[in-house]
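The chain below stands alone and is given in structure tokens; this is the form predicted on its own.
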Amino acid sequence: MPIKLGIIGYGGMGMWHHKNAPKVKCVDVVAAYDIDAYQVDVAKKAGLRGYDNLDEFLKDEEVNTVLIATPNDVHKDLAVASANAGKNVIVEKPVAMSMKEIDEIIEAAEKNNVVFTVHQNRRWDKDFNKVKKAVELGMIGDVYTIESRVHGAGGLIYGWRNKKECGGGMLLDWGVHLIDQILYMIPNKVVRVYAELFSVLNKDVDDYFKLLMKFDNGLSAQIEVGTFCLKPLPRWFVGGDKGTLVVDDFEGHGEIVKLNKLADKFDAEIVETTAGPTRTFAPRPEEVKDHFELPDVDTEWIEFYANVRDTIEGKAELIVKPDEVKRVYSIIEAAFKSSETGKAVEL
């Protein structure tokens, strides 16, 4: 069955979905609803049926799937209303404002026998999939640490994303993506969360945060997001017992560095450095290191829509599952609690 998509919230993300969803076969955007009359008019000029009334929008019989791209604080009510109207539901991230709200959406979807998922499109990012593939292939051995970060230089956060009551701030905006990526890559249980949130230039919401997750297999993952970092660090740093992986940017530029057999021929010696004498931190000669390209991956964001289409048709399982969405949000809630108390949260 082709997806006939109706978009709730025809702003920046709503228009982005209108542009990209139809790139997938049997996915069409046919309608949009917005509380802003100007955006309704924009939708109509873009060839959609535009609605300024939610009930009328949900009565549109051609629409079989609703995509919600509004401020975060109204996701739950709109998702429940859409499910109760018999529509499949796609919600922009973060799905809601609490675990309780997520449970209400899931309950409504199950009661009405409709598909419910969340647009965690960064599972298809090129940089992430290179890291995931390298880890899964054991290219750097057993991984003990993963660092994932996004550093921006703009500083200011705009619109509703700068309002706490709307679900603004970087933990809910970017953190939800990076947490989802780590949990999608590492299936082990998270046993401890520690987080620090800062309001550097945006006083009402967090514009910098650092989050640590400890897994039951001993692995530690660090996520860092900042909007005012004028000299950004690499997108990924991954340490394993056989090598080191670095990804510089979203394009996936980077490398894997491992020691070769020549390393066994070099005895550890005390070396004088500008930091003083050292043996443990003495630099390795370049000839004992081998540099490898990151694995190739073939992935596109629009695969998300194809998976939703195939799931609705009964040909596939959801890639972004409701229980995975809940797992991500449990980390977010723990991070907020840790930041408030200054203590790690045991899970």
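Model, not experiment: these values are computed from the prediction. Residue numbers here begin at 1 and follow the sequence given.
What comes next is about the form predicted in complex with a small molecule, which is not displayed.
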Task: Residue (of Ser148, Asn88, Gln181, Asn72) lying close to the small molecule in the predicted bound form, criterion heavy atoms within 4.5 Å - done: Asn72
Open item on the list: Using a 4.5 Å heavy atom cut-off, which residue among Asp296, Glu62, Asp36, Glu317 comes into contact with the small molecule in the predicted bound form?
Closed with: Asp36
Open item on the list: Taking any heavy atom pair closer than or equal to 4.5 Å as contact, tell me whether Leu78 reaches the small molecule in the predicted bound form.
Closed with: yes
Task: Residue contact check: Tyr194 to the small molecule in the predicted bound form, 4.5 Å heavy atom - done: no
TODO: Answer yes if any heavy atom of Glu101 is within 4.5 Å of a heavy atom of the small molecule in the predicted bound form; otherwise answer no.
DONE: no
- [ ] Please check if Thr227 has a heavy atom lying within 4.5 Å of any heavy atom of the small molecule in the predicted bound form.
- [x] no
TODO: With the small molecule left out here, work out from 140 to 148, 215 to 223, 269 to 277, 155 to 163 which stretch has heavy atoms within 4.5 Å of it in the predicted bound form.
DONE: 155 to 163
